[in-house]
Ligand code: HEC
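Before any questions on binding or motion, here is one chain by itself as structure tokens, the form predicted alone.
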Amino acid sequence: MKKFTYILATLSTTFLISCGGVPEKSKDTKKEKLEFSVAEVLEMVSKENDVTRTLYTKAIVGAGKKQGMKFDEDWQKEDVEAGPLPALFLRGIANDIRKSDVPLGLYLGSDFPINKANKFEGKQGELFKKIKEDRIPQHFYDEDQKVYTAMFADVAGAPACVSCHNKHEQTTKDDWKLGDVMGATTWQYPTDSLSYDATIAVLKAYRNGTKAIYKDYLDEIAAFKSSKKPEIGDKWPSAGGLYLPSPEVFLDSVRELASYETMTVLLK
């Protein structure tokens, strides 16, 4: 029964986000609008982001490196045959969301960033100190930008994260360890509550961003001049070779891992 419930939740979430909502029950409920607090929605999309980034970091970057694949901050340059590092994968998602009509902001910051522009300052800097101590998400209203903001701990969950930051030529900290809070993902939205449709739109924008950056990666691979290109299909690097999952396979895995918790919130 538990497995059946999980599968049903996965299929239901996929259907709802793909179709943009649920059918009206009757004319009497037509004007009824389900609303979620902005904190609930940002918590929900943050969990989906955790699943996506963990899968990409461990199953693509970590496992891929063991098979000889390369990942680099200059991955989009013509003379560089590599994929995006996890932080750049997140940036790609954020950039795609920014192009959409969904007013969802996303960025990654730290107190020891490689890029100085990503250093937390002011109120966010103070709240990040608390996050490093207890790892509890921080929600607040940003008076300057007029947006509701949520910060979530970004933890070093894979060796690839640690080694990359410790060895980077511009690093300001070279003793990161697994499990350290390296930074925080920050989400922003302009209203204090969202309708059901707006909530679905947020989730859809995030998933579209994931698909866009992953497809950009595969497009880069198609342009590789090297004869050793990963085979794109239903296999992962863990299979023991130069393999990468197709966008459909990668996103299906994300949905399978994230859908149960998402549905729990949507159907509360």
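Here the structure is a predicted model, which is why all the values come from computation and not from measurement. Residues carry their position along the shown sequence, with the first being 1.
One more form of this protein should be noted, the form predicted in complex with heme C (HEC), which is absent from this view; the next part is about it.
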May I ask you to choose, among 104, 108, 93, 198, the residue with a heavy atom within 4.5 Å of heme C (HEC) in the predicted complex?
-> 108
Of 118, 100, 193, 76, the one that lies within 4.5 Å of heme C (HEC) in the predicted complex (heavy atoms) | 118
88, 156 and 164 all contacting heme C (HEC) in the predicted complex, non-hydrogen atom within 4.5 Å = yes
Taking heavy atoms and a 4.5 Å cut-off, does residue 53 contact heme C (HEC) in the predicted complex?
-> yes
Answer with yes or no whether residue 114 is in contact with heme C (HEC) in the predicted complex, where contact means some heavy atom within 4.5 Å.
-> yes
Hey, in the predicted complex, is residue 123 touching heme C (HEC), heavy atoms inside 4.5 Å?
-> no
Does residue 132 reach heme C (HEC) in the predicted complex, with heavy atoms at most 4.5 Å apart?
-> no
Heme C (HEC) in the predicted complex - contacting residues of 235 to 268, heavy atom within 4.5 Å | none
